[in-house]
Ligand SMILES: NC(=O)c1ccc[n+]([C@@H]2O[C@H](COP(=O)([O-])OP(=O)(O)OC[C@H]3O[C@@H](n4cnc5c(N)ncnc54)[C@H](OP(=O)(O)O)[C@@H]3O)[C@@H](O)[C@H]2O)c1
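One chain comes next, on its own, written out as structure tokens in the form predicted alone.
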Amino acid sequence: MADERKVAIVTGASQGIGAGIVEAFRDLGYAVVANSRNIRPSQDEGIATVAGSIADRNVAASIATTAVERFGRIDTLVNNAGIFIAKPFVEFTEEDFRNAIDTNVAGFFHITQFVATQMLRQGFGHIVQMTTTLVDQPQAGVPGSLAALTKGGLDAITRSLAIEYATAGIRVNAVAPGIIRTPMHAGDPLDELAKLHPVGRLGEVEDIVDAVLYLERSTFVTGETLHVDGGQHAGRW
């Protein structure tokens, strides 16, 4: 008999925001398939881990297959895996470009195709991706054009897929974070980064987790990009 628990897939799940999202879904009673490049097996019977790059289509297929074969369904996909490289536009290398495209765009494309196929069979599901507030509000002190190029695509496809699947029982949303206190910023000048938000502080992992859970529970919300950025998207300050 298929497991009747709800099931979430979380990419980029080994630390920071991804690890917080995994914990939150487990607290809600969901089974979780967690992926990152070097994720380790979990002792929690409700967590299945799949190690590997989300840019590899075979890894993406394995994640989706693991969810269905082990837990019987896929209710939610959180496309959290991503990279951010801050450089002046003319200084980006071909390797920078390829890494950003592979993780932020190809990674999204592969896993979302496999998951959407399963959700169409089921007749229900929810897909959430992490974009960035820089898509809507670039900052002079943060050279993030490569993030805007790749995450901007995710922002656009969120609305496109929301309309495409609106009558199929599948919702599609996004969260646009500001700067969040995670291991990615270890060694960075946190006081200076906090000043990049109108509210004057960094975001915390819990702020993003709360946003994901809000979207998960809000069954009349689709095509939405929820900004969790301390007011950055609202304009100049």
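Numbers for residues come from their place in the sequence shown, where the first is 1. Note that this is a predicted model, so its numbers are computed, not measured.
Keep in mind that the form predicted in complex with this ligand is not shown, yet the notes after this line are about it.
Contact here is defined as any heavy atom lying within 4.5 Å of this ligand in the predicted bound form, and by that definition not a single one of Ser62, Ala67 and Ala116 is a contact residue. Not displayed here, this ligand is approached by Thr182 to within 4.5 Å at the level of heavy atoms in the predicted bound form. Although the partner is absent here, Gly125 sits far enough away that none of its heavy atoms falls within 4.5 Å of this ligand in the predicted bound form. Although the partner is absent here, Val135 lies well away from this ligand in the predicted bound form, with no heavy atom inside 4.5 Å.
This ligand is not drawn, but in the predicted bound form it has a heavy atom within 4.5 Å of Ala13.
Residue Thr103 is the only one of Thr76, Thr158, Thr112, Thr103 with a heavy atom lying within 4.5 Å of this ligand in the predicted bound form. Only one listed stretch (163-171, 88-96, 68-76, 126-134) carries heavy atoms within 4.5 Å of this ligand in the predicted bound form, and that stretch is 126-134.
Along 162-177, a non-hydrogen atom within 4.5 Å of this ligand in the predicted bound form is carried only by Pro177.
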